[in-house]
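Take a look at this single chain in structure tokens; it is the form predicted alone.
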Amino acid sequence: MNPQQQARLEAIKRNWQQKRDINTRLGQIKTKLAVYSGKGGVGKTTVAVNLAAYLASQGHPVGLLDTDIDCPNVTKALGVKERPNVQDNRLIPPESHGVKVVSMAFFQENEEEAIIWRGPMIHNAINQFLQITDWGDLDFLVVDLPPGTSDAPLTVMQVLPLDGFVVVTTPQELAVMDAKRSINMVRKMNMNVLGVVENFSGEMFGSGAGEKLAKDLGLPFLGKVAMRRDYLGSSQPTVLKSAEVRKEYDHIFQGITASLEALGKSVAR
């Protein structure tokens, strides 16, 4: 066997070992959901954080994985104060509002520091989180994806066995276009889109574009999340302090459950 063949064989072995480690770490998680959009600034992290907090408030064991390596915001949005512990090469996530959290933000000395990494480093960081995090028994893992259709989302789609994607858009035309691109990427990767959420819905930016997008692409419309003053302040996820926002997430989760069950997947209730 020549050196090139030997290197290729070693790479195959590493990839196999990596996937085995990831499947072992995720083996106690019943449902894995990704929150995704092709465009930044549509409130994807807000939806992911509030969905995770909503599920935890319903009594479910929940984890939240922030795979936005460049600009991690989940810890800030969820008000996480502790850092993860490391035990026997396992990362033990801290918990806030009943949600276990892992994020690149834990490894920044200064939250205003810019993380300037090329694709392979981002790929390795995401794989490291997946391989070493000990989530324990979870009903749900919510994965907050970065925007776009490039390195980080591609890595997650290739290595993480997700049950489905919740795609977030706002009513504006450009956001809808990028949401459509992200849906097309998920479909090209032969993965499931569970439905569309329209965020920032209301008088300011309009309403209805998310529902039209879902109809045009033959997808469930999971619901609208209105722009509200309730989101001012960050002491806790808004779904925990606003009855109106909670109703919106009741509706969104019902839609997610219906989509998963239509795919033959059981959902913890």
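Since this is a predicted model, take the numbers as computed values, not measurements. Don't overthink the numbering: it's just position in the shown sequence, from 1.
The next section is about a form of this same protein that is not shown, the form predicted in complex with a further copy of the same chain.
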item	value
Triple contact flag 97, 133 and 237 to a further copy of the same chain in the predicted complex, non-hydrogen atom at 4.5 angstroms	no
Any non-hydrogen atom of residue 86 within 4.5 angstroms of a further copy of the same chain in the predicted complex	no
Residue 90 within 4.5 Å of a further copy of the same chain in the predicted complex, heavy atoms	no
Residue 199 within 4.5 Å of a further copy of the same chain in the predicted complex, heavy atoms	no
Residue 148, heavy atom within 4.5 angstroms of a further copy of the same chain in the predicted complex	yes
Residue (of 209, 227, 29, 219) lying close to a further copy of the same chain in the predicted complex, criterion heavy atoms within 4.5 Å	227
Among 134-142, 161-169, 190-198, 119-127, the region lying within 4.5 Å of a further copy of the same chain in the predicted complex by heavy atom distance	119-127
Residues within 4.5 Å of a further copy of the same chain in the predicted complex, restricted to 176-213 and counted by heavy atom	177, 178, 180, 181, 184, 185, 188, 203, 204, 205
